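The chain that follows stands alone, in the form predicted alone, written as structure tokens.
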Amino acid sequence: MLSGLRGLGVTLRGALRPKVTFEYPKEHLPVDNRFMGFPALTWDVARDEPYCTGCMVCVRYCPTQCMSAKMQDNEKFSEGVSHRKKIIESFEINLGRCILCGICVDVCNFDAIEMSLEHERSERLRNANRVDLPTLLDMGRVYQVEVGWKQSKPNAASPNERAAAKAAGEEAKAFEESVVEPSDPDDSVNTAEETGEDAA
């Protein structure tokens, strides 16, 4: 009898204890602040293009070689709209091989890749976890909105912006030169009568 009551007490204490597990996938643990999900590519809203220039630094430093990329000439640079001479043409990451080490983020010089909060990508097929450029950019857009992401440094000026700034500077300089400053009365030439000298 006494042992039965003790067992009932243990059961009641366990029932009233706060829950420490979640019934996945119906319930999800909250994501920690320093959580690192799969890599994603960021989007430059100001230039309306990816930050990624396809420089291949992340591809070379990836310890599992799960990335591949290809660059192309940026048409917006030739139009003078963007400061990036090259832009990413294709980018693929095999998320099944990615170990979430974050090295790609550390070596990127352009704020082009970030470790997103995406972590639920279980697939049945072997190559189903290969994600291409549009998918990576979509993941990046979601991440930027979720965390309020901002780039570490502002964009460089585009050719059109540099030309406009140069023209504005030249116009301001020409305007300053065209303005004639009024002469100071104290600096006027004294007449002969004021100096007391003979006009001869």
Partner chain sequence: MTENAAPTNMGSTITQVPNPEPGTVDMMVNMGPQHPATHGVFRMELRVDGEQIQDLVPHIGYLHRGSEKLCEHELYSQIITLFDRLDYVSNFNNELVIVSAVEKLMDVAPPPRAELIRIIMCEFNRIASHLLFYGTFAIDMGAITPLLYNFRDREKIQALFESVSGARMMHNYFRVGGVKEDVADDFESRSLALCNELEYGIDETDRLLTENEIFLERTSGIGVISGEDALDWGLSGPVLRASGVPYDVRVEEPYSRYDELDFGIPVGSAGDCWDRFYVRILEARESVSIIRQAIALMEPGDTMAQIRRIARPPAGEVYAHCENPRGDLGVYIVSEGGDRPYRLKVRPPSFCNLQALRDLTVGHYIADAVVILGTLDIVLGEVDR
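Positions refer to the first chain, counted from 1. Because the structure is predicted, anything quoted here is derived from the model rather than measured. The term rigid core refers to the maximal set of C-alpha atoms that superpose within 1.5 Å between the two forms.
What follows is about the form predicted together with the partner chain, which we do not show.
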property: Proximity to the partner chain in the predicted bound form, single hit among 60, 70, 173, 162 (heavy atom within 4.5 Å); result: 60
property: Stretch in contact in the predicted bound form with the partner chain, which is absent here, among 35-43, 48-56, 154-162, 131-139 (heavy atoms within 4.5 Å); result: 35-43
property: Contact label in the predicted bound form: residue 106 to the partner chain, heavy atom within 4.5 Å; result: yes
property: Contact label in the predicted bound form: residue 20 to the partner chain, heavy atom within 4.5 Å; result: yes
property: Contact label in the predicted bound form: residue 167 to the partner chain, heavy atom within 4.5 Å; result: no
property: 4.5 angstroms heavy atom contact with the partner chain in the predicted bound form for residue 31; result: yes
property: Flag for residue 33, CA shift 2 Å or larger between the shown form and the other one after aligning core; result: yes
